[in-house]
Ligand code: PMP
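Just the one chain here, the form predicted on its own, laid out as structure tokens.
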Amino acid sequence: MAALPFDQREGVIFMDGTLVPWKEAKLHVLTHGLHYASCVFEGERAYGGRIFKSSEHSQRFKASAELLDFQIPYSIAELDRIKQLVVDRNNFKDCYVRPLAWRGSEMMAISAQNAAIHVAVAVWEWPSMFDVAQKMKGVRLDIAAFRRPDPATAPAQAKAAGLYMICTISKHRAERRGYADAMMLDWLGRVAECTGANIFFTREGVIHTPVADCFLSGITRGTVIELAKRRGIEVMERRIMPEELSGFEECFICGTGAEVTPVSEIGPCKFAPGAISRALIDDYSAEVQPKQRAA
């Protein structure tokens, strides 16, 4: 049975200061954010009805807008309150939270300083993608043809809609070829990230992860690095070349959607999901639960 389209679901969405019925949350076709990608967003999760690291996401949301030269008309505290209100009003416990902000339809040209700034928050149910046994089998990654751009050519530290165009293309290609996702290189041919998740490798008990300069250093990424350090595991953020992949033992990806998911294969390279991946899966699961955070 096909999933219900996202414009046909039930519930409420916050839109420009009020909660509106889900199916009424609409915008005009001549909206600047649609034509010129002047749109930023966040991807968050609520566990047990509480949003994990909500304020960190709100801070990045506002910072992303500033990088795209507009201001979100709510404070971090107000954004946190709005997001939690939408979760509560939809009566969800484990769900995905999507705030977004965009320039409106007052101006339809590249220049749009006087376009109104709109803000919406939607949530939908999204349980964990895999159980631990499934995760420990590892997912298979293709190698993307597109590369993350030089940070001198794009606002790489913004979670901006336009930056995901090559991610969609790359993920479609990977799925057609039988892979779960694709690993992207940066503009100089070094390992960067996946289409919607950061990537880590292990060798001799040390975790290695690419320097996040042309892609987002994800909030989940930061959490995983912190959890690894709590266990006394060394984490090296460094340049990683594709020819190094065959020398790593484990590989895993992390993100709001993926949480912590081991990788079994990247192109011709094989990995064995093992003790470090399992430990971080368990630690992340404990970290995001409200009762654990409150302890």
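The numbering used is simple: start at 1 and walk along the sequence shown. Owing to the predicted nature of the structure, the values given are computational and were not obtained by experimental measurement.
Another form exists, predicted in complex with the ligand; not displayed. Remarks below refer to it.
Listed stretches are 200 to 208, 219 to 227, 85 to 93, 109 to 117; the contact stretch with the ligand in the model of the complex is 219 to 227, by a heavy atom cutoff of 4.5 Å. Though the ligand is absent from this view, in the model of the complex it lies within 4.5 Å of a heavy atom of just one residue from 40, 251, 266, 254, which is 254. When you look in the model of the complex, the only residue of 164, 179, 124, 146 with a non-hydrogen atom within 4.5 Å of the ligand is 164.
Contact check for residue 196: a heavy atom falls within 4.5 Å of the ligand in the model of the complex. Proximity of residue 159 to the ligand in the model of the complex: non-hydrogen atoms within 4.5 Å are present. Among heavy atoms of residue 32, none comes within 4.5 Å of the ligand in the model of the complex. Within 4.5 angstroms of the ligand in the model of the complex, the stretch 52 to 66 places a non-hydrogen atom from each of 57, 60, taken in sequence order.
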